[in-house]
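Form predicted alone, single chain, as structure tokens, below.
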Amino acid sequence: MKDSQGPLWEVFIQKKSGQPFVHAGNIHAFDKEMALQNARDTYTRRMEGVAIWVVMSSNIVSSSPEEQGSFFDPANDKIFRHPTFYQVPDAIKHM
């Protein structure tokens, strides 16, 4: 039986201007315009966002949890990047 829903797209919503985009879920669509419309209709019915990203699921590349040690190891030898090496002035709040 052939799937008639179209490719799977991942949906990311920006709740307020300047905030990061957050993964909201996924939808099926045959093209990018349809994907945006389906995402809008599904995930922002109550004005939950100000912008939407849609990405075909097949275009997403990810590291795997099994690679965690070897993939992230190079960061361990750069301890100077940790914020504990910097003094934060008292005038700066909420950091």
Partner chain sequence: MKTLDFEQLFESKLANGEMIEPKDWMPENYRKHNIRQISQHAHSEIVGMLPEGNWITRAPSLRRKLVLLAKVQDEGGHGLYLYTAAESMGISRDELLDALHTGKAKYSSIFNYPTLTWADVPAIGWLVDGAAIMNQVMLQRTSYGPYSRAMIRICKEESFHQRQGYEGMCALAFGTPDQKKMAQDALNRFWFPTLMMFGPPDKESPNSENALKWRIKRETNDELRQKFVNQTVPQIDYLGLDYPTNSGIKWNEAKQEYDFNEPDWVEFKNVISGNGPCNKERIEARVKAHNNGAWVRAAAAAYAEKQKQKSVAA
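Since this is a predicted model, take the numbers as computed values, not measurements. Residue numbers count along the first chain shown, from 1.
Beyond the structure shown, there is the form predicted together with its partner chain, which is absent from this document and is the topic of what follows.
A residue is said to contact a partner when one of its heavy atoms sits within 4.5 Å of a partner heavy atom; Q37 fails this definition for its partner chain in the predicted complex, lying far away. Shown alone here, W53 lies farther than 4.5 Å from its partner chain in the predicted complex, counting heavy atoms only. Contacts between 32 to 53 and its partner chain, taken as any heavy atom within 4.5 Å in the predicted complex, involve M34, T42, Y43, R45, R46, E48.
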